[in-house]
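Given next are two forms of a protein chain, the same chain in both, each as structure tokens and marked structure 1 or structure 2.
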Structure 1
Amino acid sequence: MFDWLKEIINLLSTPSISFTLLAVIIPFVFPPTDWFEKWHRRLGLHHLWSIRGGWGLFGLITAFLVFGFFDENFGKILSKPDNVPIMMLIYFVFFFVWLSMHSAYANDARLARGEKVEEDYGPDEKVLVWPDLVYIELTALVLMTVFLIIWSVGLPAPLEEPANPSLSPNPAKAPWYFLGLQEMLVYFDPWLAGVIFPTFIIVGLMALPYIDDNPKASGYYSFANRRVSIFIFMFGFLALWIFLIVVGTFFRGPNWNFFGPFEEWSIAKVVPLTNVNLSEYVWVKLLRIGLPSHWLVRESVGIIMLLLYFGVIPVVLARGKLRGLVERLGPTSYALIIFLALAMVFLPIKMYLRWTINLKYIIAIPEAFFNI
């Protein structure tokens, strides 16, 4: 039953397709510029953040999960005890994205009418912590306890076979909150996916308050006042973090091959490895002279390309579009921001290079474990 629908969903879930869809949709849903804003309204996407839109989203996810649950293959993955938190994560992320955008749009409308934001009760409206806050905290605490007890009674914690260092499961997966990083391993070597990128994420997040020098909309929900930063954050959070976790959890089976949600995880699935290094493209396929023996010559094209990417683009932008930013922040902060931003964009770039031309490494110096 519904096999055609399952086929379509399997196809749409392929990372290249689903990521592209997401990357295209996000700027229309969280429009960073006037042009996107115009289309956001024309396509009616602002209704997403109305009460009805919220129920619509809820219904859609639920319908999909219920539908998935009754499928033999998807059901198996969904009902793994350790995957339950991810389903909750999906619901909560959608719910709170919706709630914050709902509040933000309501406030934006108020500001546009010249009214005060919802959070603004005036400086004299104070309440006592006892009882006004304490009872909320107590309620939250009791509800959370009840929730945890129900969850714990209903779902025993998993315990598999005793540890056996000589018997590796296939696929061997990290805990779910690190699956975004493990998914990056498809596109990058471990020193980037497992060390450098996480470091950049942490540093980038910590640097955020120093980078975002827009003083508007602090202390209340708003979209109109902060649309660029919210757009960037949503892209990073939803497309590069949550999405990769979902792919890593639900769509990666044996040998870390891609499996659509309704596809059986079969060890026999063979995906030909045809990835090619940039150096090979250039020296062997294009110039037909074979790989140079010295690594510096061999990798020169990749090195130059990366230097252009990380060195020249910032300068060009500083002279052009981002001139104002440089003047406000000074060269050092600007350099840091643009570097972090380019590093973030580098991930999808590499993903697309893999999907389109099967590119393995831009720079490959395996002698020194230096592959990019």
Structure 2
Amino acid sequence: MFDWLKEIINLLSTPSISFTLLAVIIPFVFPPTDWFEKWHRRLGLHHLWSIRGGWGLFGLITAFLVFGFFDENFGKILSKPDNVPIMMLIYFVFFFVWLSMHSAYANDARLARGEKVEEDYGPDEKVLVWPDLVYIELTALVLMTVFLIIWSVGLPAPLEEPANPSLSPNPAKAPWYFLGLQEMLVYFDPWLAGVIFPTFIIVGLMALPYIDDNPKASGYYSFANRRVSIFIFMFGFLALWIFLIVVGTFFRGPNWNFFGPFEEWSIAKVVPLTNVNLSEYVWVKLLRIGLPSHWLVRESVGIIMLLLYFGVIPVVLARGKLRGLVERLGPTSYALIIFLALAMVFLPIKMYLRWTINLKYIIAIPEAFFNI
């Protein structure tokens, strides 16, 4: 009955389309500049952070999951005990993002009217550790213990047989909290996907409040005073972490092929791919000559492109759109925050290059085990 809707969802769920939609939506939902802020208001996206908007998003997510449970293929994926925490993760991420942005917009509105922010408690408004905080923590401890006991009884842990090196599961998936790293391994070498990018993403997101230490937004939720930092954080957190976990959980099937949510996981699905390095595109396909023997000449185009990306773009932005950010943060903090932003954006750039032209490496130096 709803086959046409399932086909549309399967099409929109392909990585190239779904990630593009997410990358386009995020700057309009968390507008980093005045231009995006104007369209944010014009499109009515600020209503997302209202009470009605929150219930609307909650209902949309719930309706999609309920609809998926009644599908023969997607229902099997959603009902796996391994995937129940991911569905809880989706709800928790949605709730806390909505709550923080709801409080931020409410505080910005209060400040615009000349009122105090919600977190500005007076000297007489105190909460004692004993008994107030201790009672709350004890109650939360008891409720969480009861919840985990009921969960463990009603949904047993998916324990499998002892590991057999001659019989590997297909697909072989890491624990859910490593699925984002496993997805990155599709596009980068292990030293980048397993060490460098996770470090930049995690440490960079934690460091953002200390790099952008605007005193006007300290101690309370505010979006107007930290638009760029919040946008960078949300892009790194939602697009480069949560999205990759969801893709690895629900959309990666046998042979690590991509499957739509309502598509059957068939082991017979084969996707013909021939990944080509940038040097091969330049020297062999474009110039129609053989690859140079020396690695520096062979990979010179990729090296120049990376130097321009990380060296020229920050200078151009500092003299243009982000001049105000440089004046507020200073050159050192600006350099740190723009480097983290460019490093995070480099991941989707490489993903798009893989999806569109099957680009394997921008720089490939197997002699030194150095590939980007």
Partner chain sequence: MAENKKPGFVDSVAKSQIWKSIFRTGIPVTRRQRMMGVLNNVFLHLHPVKLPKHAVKLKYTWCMGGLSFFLFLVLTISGILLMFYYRPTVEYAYTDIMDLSEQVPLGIMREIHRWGAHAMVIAVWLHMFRVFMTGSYKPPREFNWAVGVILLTLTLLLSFTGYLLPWDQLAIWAITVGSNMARATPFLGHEGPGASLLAIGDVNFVTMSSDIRFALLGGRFVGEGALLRFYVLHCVGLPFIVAILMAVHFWRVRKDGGISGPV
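For residue numbers, the reference is structure 1: its sequence is counted from 1. If you superpose the two forms and keep the largest set of C-alpha atoms that fall within 1.5 Å, you have the rigid core. If you're wondering where the values come from, they're calculated on a predicted model, not measured in any experiment.
Taken from the structure described as the form predicted alone is structure 2, whereas structure 1 is drawn from elsewhere. For residue 315, the Cα coordinates differ by 2 angstroms or more between structure 1 and structure 2 after the core has been superposed. Annotation: Cα of residue 132 displaced by at least 2 Å between structure 1 and structure 2, core superposition. Core-superposed comparison between structure 1 and structure 2: the CA of residue 334 exceeds or equals a 2 Å shift. Here residue 306 exhibits a Cα shift of 2.4 Å between structure 1 and structure 2, evaluated on the superposed rigid core.
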